Each structure stands twice: as structure tokens, then as C-alpha cells.
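In the form predicted alone, a lone chain appears below as C-alpha cells.
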């Protein structure tokens, strides 16, 4: 407890600022080979033929791998949790995004590895790509995924659904309907340290893998599945990540480097260039979010309809998980008694998307808060007061029927208003997170408040 409230130096701060921290790329092992990957130049194409024989015979090349060298080529990042796998480690028969890896080489130096890539012969048959997920269900839209336009494994549905109350009645009762469409775009993580891995075959048959992963045991499991090796054959070394923000949960470089190390019988390092980071590393997903709120003239939100389209890119990766988190937060920090939510994970010919800070939550929060301000403008109500009126309180239930025990919306809003110099009316300044009563418990919210007021329910 001595650390609580104390100003303590970071245990690793001095090494960081003096340049003495050891990252994966700083690890030096004798006889290490250099890796380069052959990536798709097309957004969507069938691979008509692939011939690596000339590259394999090139002086200085020690190993070349394609999908034929992968013991289990298709494996999903969430397959251990029951989400079916859909993404090949190395492209097999087709490519679905520009930058998708098709083959990889390990050579004595970088120049030789680059020369070897030029010797790999590939014939493509280009196809029309799909980039706008709003057109995914249109008749005649390009086919991206064998599962169809949407991820189909949300139980019996092809989308995530949330239903609470009677939305139709709420919209009939409303004084005003406020609608909005919000489209937060893709964001590249841009870590100072690019994706990098070093794999060392040990004399006892194990592989030592130096990794920049944010999720050590998760990545170990992914590599073990692709290589079909027991976990005790792998030793992961990591802990120092030169920037990740969610983008280094994907196991992007370790498995291919491991395949090459096994085939060559020598240490292999694969460090992505900055160009590769921007071309082929995962991004935060673009979203298309449609909100329609049924509101009263004095600022109560009676109901909300939400349609969300999540751009997964060419493969699922973590998208189904991100949409699930999104579905839990689509009402924001506000109590809305009647909701109708439909969320889809849709496929496009973009690079597969992944986690980024607040995965699934940040994007919907962006949309909700813009929408709250739009409601305030339509009604001519102060946006702080609108938020405080509808803010979550102890005992309120979320659209997913979670009873809130300690919501922080009210104190955060009051602190924000004070910080920016907003003068609130006395009745708003006096608000707390305590259970609703009096004017804060109108008829339409009676069913959205737990009888235990959050003291016993979970």
C-alpha cells in the first residue's frame, strides 16, 4: 500500500530513456538468417500457379515456405474459444487482400532474400474487390468469404442481436425522432517497433521464440497449432513491446519465422519494414453505425434503434469478439429502457482488422456521444444537462440486463462541466449516482430499474 498515491519511478523507465532496453530486434544470435515475404500485389485474385523452385536454388537461400509447408495452415485466432478458423497462414489458392503473404524465404542476408522473392513465379487471375461493406448484401456484390457476406456464427443468427422493452411503442410515444449515421474509420497503430520475431532451433528439438507479442501464451498457442507441436516444444521470450495498442495481439511474424527456422535448421529473424506495417498489419476496424432515438421534448430518451456494420477485412480474426463488446456498450453511459440492436461483422478485401484500445467500445462511444450532442441541438437543451438526465445510476439495468452497482457517469459529467467552465442549473449540480427517485424516475424508466437498486443483483 505504500505505492498508492506515491510518485514512483517506472521500473523500466531509466533503461527506456537511455536506450539500454533490449527489444526483439536487439537480440543477436550467430548464423541468423534474414526473412522476406512474397505478398499479394492484388486485393482479390485467384492464384493460378505458384513455383518457388528458382528461389530455392538461388545461392544464399536456405529455406522457402508456402502453404504446403504448414502442418495446419488454416487456424483461427479465437478457435480455442469456439470461433471457427478461416484464415490461412500462407495464401492457398487465392488472395483476399493486398499484402497477404503467399510465400517466405530465409537467406543469408537481406539482399539475397529480396532477390529470391523476384524468382518466385506466381500467376494471378484478378477478381473484382469489395471495399464498401454497405454494399456487402447487394445482389451481385463481389464474394469475399466462403461463409457469405457476414460472419454467421452468433448462435442461430448471422449477427449480434440485443432486444429490450418495446421499441415500437417508444417511437410511437416520442415527441421527436433523432437519427444519425457515424463512420469512424480505420486507424493504423503505428508502433515504433514493427512486427518482429526471432526463432532459434535448439539442440534438444525445442524452438526458442523471441516475440514482441502483447499476449505471450495466446501467441504460443497459435504457433503451436499452426506447427502442430505440443506447447512444451516452444519457449517464448518477450515482455518488452515497443508499442502495441492491440495491434500486437495478432501473431503476425512468429509462425512463419518458426517454419523457416525448422526447415533451414538455423535461427531466423523476420523484421517487418515500415512499408509492410502500413500495408499488411491489422488496423482498428472501420465501422458504419446508424442510430435513431425516440426522445421527449424535455430530453428523455425513450428508445433506441441501432444498426452496426463492422468491417472485418478479409478474415475474422478478433472481429466477432469486438462486435460482442460493441453490443454491450451501444447505449453508452445512459439508461435507455427500450432498445433494438443489430450488429454485423462483414467481410471486405481490406487487410484483416483487429483490436485497438477499447476494442469495439471506442467506436460506438464516438457515435453515441456525437448523437447525444445532436439530440441536444435538435431539442435546444444543454448537452451536459441532457446527458445528466439520462445518465446511468445505481440500480439501472443496461440493455443486456446487467444491474449497475457503481456507475460513474454523473460524477464524471459534473467534473467535466466544472473543468470547462459550464455553469449548470442547481438541480443538475446536485445530482449523484444514487438510485433513481422523484423526477429522475419517470414512468418510462420504472421497468429499467432493479428492485434491489444494484445492492444485491449482479
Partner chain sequence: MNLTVNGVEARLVSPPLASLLHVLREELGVTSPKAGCQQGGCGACTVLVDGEPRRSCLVPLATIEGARVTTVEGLGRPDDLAPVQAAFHEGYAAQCGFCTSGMLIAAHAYVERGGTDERGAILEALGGHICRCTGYAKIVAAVSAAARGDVATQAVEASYEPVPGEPEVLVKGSPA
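Numbering follows the first chain given and starts at 1. A quick note: this is a predicted structure, and the numbers were derived from the prediction, not measured.
The same protein also exists as the form predicted together with its partner chain; that form is not shown, yet it is the one meant from here on.
- Of the residues 243, 71, 93, 185, just one reaches its partner chain in the predicted bound form with a heavy atom at 4.5 Å or closer; this is 243.
- Think of it this way: in the predicted bound form, its partner chain has a heavy atom of just one of 133, 144, 356, 323 within 4.5 Å, and the residue is 356.
- Within 4.5 Å of its partner chain in the predicted bound form, a heavy atom is found for none of 164, 171 and 402.
- The closest non-hydrogen atom of residue 9 lies within 4.5 Å of its partner chain in the predicted bound form.
- In the predicted bound form, its partner chain lies farther than 4.5 Å from every heavy atom of residue 438.
- In the predicted bound form, its partner chain lies farther than 4.5 Å from every heavy atom of residue 423.
- When its partner chain is considered in the predicted bound form, residue 286 lies well away from it, no heavy atom lying within 4.5 Å.
- Annotated contact segment (heavy atom within 4.5 Å of its partner chain in the predicted bound form): 267-275, selected among 298-306, 71-79, 267-275, 365-373.
- Along 187-201, these residues reach a heavy atom to within 4.5 Å of its partner chain in the predicted bound form: 188, 189, 190, 192, 193, 194.
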